[in-house]
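Heads up, the chain below is alone and in the form predicted alone; it's given as structure tokens.
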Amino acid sequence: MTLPQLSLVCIGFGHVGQRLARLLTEIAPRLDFGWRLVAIGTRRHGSVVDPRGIDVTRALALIDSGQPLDRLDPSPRQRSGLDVIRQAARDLADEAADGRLVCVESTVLNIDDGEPALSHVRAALEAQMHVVTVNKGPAAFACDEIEAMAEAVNRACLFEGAVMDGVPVFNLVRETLPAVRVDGFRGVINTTSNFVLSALERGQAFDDAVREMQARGIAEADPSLDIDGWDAAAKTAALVNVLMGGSVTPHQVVRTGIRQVTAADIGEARARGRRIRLVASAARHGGAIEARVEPELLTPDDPLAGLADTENALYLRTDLLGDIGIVQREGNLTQTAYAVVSDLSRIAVRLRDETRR
């Protein structure tokens, strides 16, 4: 069987993008699609567009040594992410028309308005590219719009890696729970905050725990999105919009982060047999959906109380199946990169189905 061949345009090539490139190489024999990297656009490392295919090993080596990716480009120039998308679409027009050109968007979340990720997604869809993004912004700020755009151009816009890394949350509901209505959810969905709270229980300093998450590539250089609850709020908005048919932004999620949680608070909770965790939740109230992110004092019988370090969990409240729990015992860059792989596989399946028609 001939495998679908995907040409990848990577916008953003930080921790996740680089792990994705390595993971695709490592597990190539297991994939149900072939792939080549044809463009990379970054803010820090320069950019490269090469329709013949980029030498992935050399690209990673350049970044590791602090050299710009422009060294790989036969015609290097200053380009934004939008420029890279548009040039790749021009240079690979046949792949775009055939549905084999995929934009992989992994820029950092902008909690103000979801940009520039949202513009990257729009431009890629306008250029007839499929889109896979790990950025929460598009689903959190413009879910209905981008889904309508994708449908209009007969392309996929997938974002499994936006919440709980590689664990299938969106795909679980959309692909395996037909006719089930999600009425609410509750979960621990921010890895950095959960690790910090677990570290405080062990007597580790707050700032030291944050630095450890940064060293692992999980927390950004500016960890405030995690610590202040904005990352969890963006994930909550995305879950509400996609799974519950809502229309909220992160700014409409009632939010309190963990910055004010002290070691004394943790100690007092433990003395009472309880634990503090940053909990994201949403529920229908009449025709409205209320969404929240806040530290909660959990009793031992609460399923979220047992989560420690980099563990995450999400419990969906449904009308037909009751509560459904999804637990991730470890969250790291490989899991996030795998989410992109799983979305690319879905696109490959779609291409095979279209070819058979």
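A quick note: this is a predicted structure, and the numbers were derived from the prediction, not measured. Each residue number is its position in the shown sequence, starting from 1.
What comes next is about the form predicted in complex with a further copy of the same chain, which is not displayed.
Heavy atoms of every residue among Val167, Pro178 and Thr334 are located within 4.5 Å of a further copy of the same chain in the model of the complex.
Proximity of Leu172 to a further copy of the same chain in the model of the complex: non-hydrogen atoms within 4.5 Å are present. The closest heavy atom approach of Val327 to a further copy of the same chain in the model of the complex falls within 4.5 Å. For the chain shown alone, Gly322 is a contact residue for a further copy of the same chain in the model of the complex, at least one non-hydrogen atom being within 4.5 angstroms. At least one heavy atom of Leu31 is located within 4.5 Å of a further copy of the same chain in the model of the complex. The stretch in contact with a further copy of the same chain in the model of the complex, judged by heavy atoms within 4.5 Å, is 299-307, chosen from 61-69, 48-56, 299-307, 35-43.
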